[in-house]
Each structure stands twice: as C-alpha cells, then as structure tokens.
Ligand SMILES: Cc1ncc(COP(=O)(O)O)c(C=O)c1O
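Let's start with one chain on its own, the form predicted alone, as structure tokens.
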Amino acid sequence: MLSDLQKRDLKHLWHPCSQMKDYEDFPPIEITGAEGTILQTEDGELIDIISSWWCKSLGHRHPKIQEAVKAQMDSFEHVILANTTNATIVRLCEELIALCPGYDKVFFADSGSDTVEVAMKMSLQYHLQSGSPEKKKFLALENGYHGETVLTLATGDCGLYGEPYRSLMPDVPKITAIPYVNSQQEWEDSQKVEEAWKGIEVQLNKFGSSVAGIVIEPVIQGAGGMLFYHPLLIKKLYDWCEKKGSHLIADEILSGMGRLGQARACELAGVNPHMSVFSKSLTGGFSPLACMLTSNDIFEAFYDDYETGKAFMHSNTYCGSAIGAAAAVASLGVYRDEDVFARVRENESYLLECFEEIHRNTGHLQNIRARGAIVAADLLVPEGLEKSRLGYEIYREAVKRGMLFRPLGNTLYFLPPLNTDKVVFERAVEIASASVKAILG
C-alpha cells in the first residue's frame, strides 16, 4: 500500500539511475531524518552502508560540518567566483595544497563529471598552446567510469550508462587487460603488473605522441564493479606519460579523501599525476563541490595577455560555492583532527573479515577483496540463474531487514562512512548474510 507521499512522488518525480517500472512493487523509501550511519524512514531505520552514493564519508549531519555550513549561511551562501574572492574559498585552496604537496593551483567546478571534463579540456588546450597541437587523443582504462556528461561517458566504459548516446561520443580508446586484484594476496604480487605491462605498453605506443592524456580511477574502479588494481600500474602509466609529454589525469572522486586510507589513492603509487580531481568526500557529502588540482607548469601555459586568447574559459555557475567550500574546510578539519585516514588503514582487515564472515554464513561469495574502507565480492551464481537480477533482489531484501545495500549487478560491497563503528558493521554483516540466504538459500 503506497503512502500519500509515495503516490505524490511517483506522479511527478523521475528518479535517477532507475527503471521507474521497478517502483511499482518497490516504492521509494521515505527518508525522515539521518544521523551518522543511520537513515530514519517512515518504517524504521536503515544502515547507510554505501555512504549514499559514496559521498557521506563522515556520516550524516556531522556536527562540525553542520556548524560550519550554518555559519557560512549567516554571512553569504554564494557569489560569482569570477573576479571575487572570500576567506572560505582561499582557506580551502590553502588546505588542499597543503594536503596534496606537489600541486600549486586549484580549479573549482560543480560536480565530479564536470571536473573530469575540466581536466581533459585543460590538457587539450595546454598542448595546443605549448607547441604540441598533435596531442589530441585521450585514453582511459577498460571498465572505468568518470561521469555522465557526453565526454566523460565516452571516457568511461560502462555501456549501461553510455550506450544510448554512442553517436554523440568522441572516440576514447580503452586500455585492456588490466591486471586486477581478486584476492588480498595479490596486493603483494607486483609481478602480475610487470607481466601485464608489456601488453599495455604496446597499446599505448600505438597512439604514441598523439596522446594528450590518460584518464584513470586510481586503484579502485567503482561503477565498473568495485575492481581493484595494483598501484604499480599507476606508476608505469605516469612514467609513460612523462616520457611522451602527456598528462596523467587521476579521477580521485571515489578513491580520494581517505577512502583508501590516504588523501589521494595515487600516494600508494608514489606519484603526483599532472591533474587530480576530487568531489564526493571533499565536503563530507554535505554539498555539491568539486575541484581539480594541478601545477604551475600547466598554469603558465594559460597565463598571458587577454588578447592572446589563452585564458581557460570553462565556468560553472555555482563553482566554488561558499557553502560547499565551508563544508569542505570543515571536512578536511575532521579528517585531520580525528585522524580519520589512519583509522581507515587500521580497519581495512576488519572489513575483509566482515565479508569473509558473510561467505562463511552463506557460501555464496567469491573474489573477496578489500582496500581502505571498501570491501567487495562477487556472487557465486547458481546454475540457471545467470540472467537473474540477484543483486537487485538482495538489495530489496536488505531494505526490509534494515540496510541500504545497493549491489552493482552481482557485485556486493560495503562502502561505509569512514568513521563507522564496529557495532554497525556487526549488524550489517547479519543483514547482508540473511539477505543473501533469503534469495539464494
């Protein structure tokens, strides 16, 4: 029986990333409040084990972020960032550069998708203005996801999102045969990368000096199926870019700001990509805000008299939103003061144990893998059910039992707020186990 709110919702609201027909027998969940890892609904409580699309890195309604946002609103909420400045945005820039040494400049946009596109546009214009107009080609990794604009859909490799718009997309070749990590033991095995690199380098050299940049999700590819690869691959891609005069562009939207236990996943590879993009956890999920960090070397290619036409003219109406900036400054403060990144590193083995326990309880998981505050596994699908929406059915079952658990196809994962208590994980394991058994036996 639909509530009045659900009826009104379904009359007008077209939900994102949804087949709306599914809502006929699985109506939208009514959220009435949220705090920490818990969502309050009309029917009870839900554990937000996926950080609400991976952005609530410090949980819901963190008091320090909430206080900073309210204080900023008492001053002003947004002013055009072209030709203006304010103390909040300058402080955010300073803190980002301090957190990510090796960079000098910060460029703001509205969302992660926008900002990946910013980086690609900036790379292309840089080469054009630096005597290398032949560098027009971008490459990306297979199974990647970088956003929902036409250019970022082309750069990604998730057909479910981009296939209907193929006629609009430029050609962005995908690097294949990525040496994925499918067990914890493989994190120690760099030989797998060395062997795969020979074939990857052949693919790269096919495009050679025409490559403007390579776009990657460092270490973890989220929407492609929570796929991990060894950081050594990042180092090899960076070295190739340095040799060819190309840019390595790191999409740290999911992996950055502590998700893997560092400010940037690329720290695991010991490299500073030419451009790094942040969003989601940048504000603790309080407000849309995204940015790209880069160096003075790239900045100088755009610095000239106005008449030369060298300025980077990309703009977003709400870029550098003061509310988002205030949330980001407060979030960075929490990460630092509460030593959140170290806590993530300490809890990595515990998250792995959580999924091993789910497998012991159900016998239905394989390829259990974890890094930082992400753990994932693939369902062992019984014969004859290969085409079933098992992940979706498990999601529905988990909601009944008290957890927002949204698998990617048949890949199950926990991607919790970074400060989640172990008592919450214990309950999450119980619900996940019961939900898998309810669907698969």
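Note that this is a predicted model, so its numbers are computed, not measured. In case it trips you up, residue 1 is the first one in the sequence shown, and so on.
The next section is about a form of this same protein that is not shown, the form predicted together with the named molecule.
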(message) Within 4.5 Å, heavy atoms only: does Trp54 come near the named molecule in the model of the complex?
(response) yes
(message) Taking the named molecule as it sits in the model of the complex, is Tyr229 in contact with it (heavy atom to heavy atom, 4.5 Å or less)?
(response) no
(request) Please check if Ile253 has a heavy atom lying within 4.5 Å of any heavy atom of the named molecule in the model of the complex. (result) yes
(message) So in the model of the complex, is the named molecule close enough to Glu217 to count as touching (4.5 Å, heavy atoms)?
(response) yes
(request) Quick one: from Gly285, Gly147, Gly258, Gly320, grab the residue that has a heavy atom within 4.5 Å of the named molecule in the model of the complex. (result) Gly147
(request) Check each of His364, Lys135, Lys280, Arg371 and return the one that places a heavy atom within 4.5 angstroms of the named molecule in the model of the complex. (result) Lys280
(request) Could you tell me which of 332-340, 104-112, 163-171, 239-247 sits within 4.5 Å of the named molecule in the model of the complex, going by non-hydrogen atoms? (result) 104-112
(request) Pull the contact list for 197-216: residues with a heavy atom within 4.5 Å of the named molecule in the model of the complex, in sequence order. (result) none
